[in-house]
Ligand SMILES: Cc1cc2nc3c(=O)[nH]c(=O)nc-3n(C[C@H](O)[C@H](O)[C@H](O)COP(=O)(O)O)c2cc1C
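In structure tokens, one chain follows: the form predicted on its own.
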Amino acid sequence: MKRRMISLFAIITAVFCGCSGFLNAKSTAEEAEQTNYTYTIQDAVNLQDFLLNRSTQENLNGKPYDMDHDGVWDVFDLCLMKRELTIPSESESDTLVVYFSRTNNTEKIAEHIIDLTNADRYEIEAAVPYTDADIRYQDSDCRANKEQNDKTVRPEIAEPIESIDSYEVVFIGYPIWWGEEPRIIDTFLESYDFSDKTVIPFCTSGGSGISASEKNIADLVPIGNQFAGKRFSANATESEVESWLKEINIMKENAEEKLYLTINDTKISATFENNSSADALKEKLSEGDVVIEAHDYGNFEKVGSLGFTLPRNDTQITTESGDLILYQGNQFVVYYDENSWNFTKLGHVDNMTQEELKALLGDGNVTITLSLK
């Protein structure tokens, strides 16, 4: 799901004064702990207090706060921790892809739909996971056989999505079990109101069609508008999924192509500007990633050569932190502060404060990789 960052505290900006604390190198055990650690608001408060040389509520010895594994607790670690602290929010997308995938075949199709439509995702997981023995169809006494033979069974979902109210279009994906949708799909459908939704089923199977499950879905709950579904084989390609989405006029209506920048092994997203320059950059990136060696200029930007020329749409603008600029047709600029000049705007970095962007870009030269994925 798309996420929004939790606001830590108004004083968080005070942290970005360059303070840092030095640690001893972490042991292998501590690094393993960090991999499985779930960060909380209190962790962010602890690290913030540490960087401000305040007393902390907890003993911080052994805490896995070295987020970038450089042996130092510093502002960049706090930035990374802040990005870890996310909560579900009302999504910018009006499309949700819901799927149940016991053997990952349906998940692959769901991934293609998500990539092509910029949809949110929700994976249905059973409270009691299905084992290989549970779906051994040769065994008449296996769990799935019993469930499929009883249309009243409703397997419990492990972590139900809180609401689907903000979505207009809901894709529902599943494997075909014994000619129909798994009963856990029925659990999901009966848990929410689809009376004003567009529902689009899709499934994976070795040979069985989708028609029986489509009818079951239509008969189970009131649905605003149910599109004809699509069956895919386990090895269906993204181009096959794309062709289907174009047939039903979904992809064009919902897709918003994003620009991705990888900086110091951290990938961030940006929204393209609506102009011919940005369109030309998209076309170039469709041929492959572009690597830029950027240097600092004027204490307000990182700039480097694209290695090719794009059409210009220069206007007099004052930049903001996060603006992505084309300069002289062949220079790519990431602004982390203000500057006024005749520029072509290519886009803007998503959901990143000035302090976070500065910390990510660092001092001196930096390698920036541009991509569409």
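The shown structure was predicted, so the numbers you read here are calculated from the model rather than taken from an experiment. Note that residue numbering begins at 1 and tracks the sequence as displayed.
Just so it is clear, the following notes concern the form predicted in complex with the named molecule, a form of the same protein that is not shown.
Between the options 221, 290, 135, 248, the residue in contact with the named molecule in the predicted complex by a heavy atom within 4.5 angstroms is 135. 206 is the sole member of 206, 298, 129, 71 with a non-hydrogen atom lying within 4.5 angstroms of the named molecule in the predicted complex. Contact with the named molecule, judged by heavy atoms within 4.5 Å in the predicted complex, is confined among 152-160, 240-248, 280-288, 168-176 to 168-176. By the criterion of a heavy atom within 4.5 Å, residue 101 is counted among the residues contacting the named molecule in the predicted complex. Proximity of residue 262 to the named molecule in the predicted complex: non-hydrogen atoms within 4.5 Å are absent; the residue sits far from the partner. Contact annotation: residue 145 falls within 4.5 Å of the named molecule in the predicted complex, judged by heavy atom distances. Mapping the unseen interface onto this chain, residue 95 falls outside it, with no heavy atom inside 4.5 Å of the named molecule in the predicted complex.
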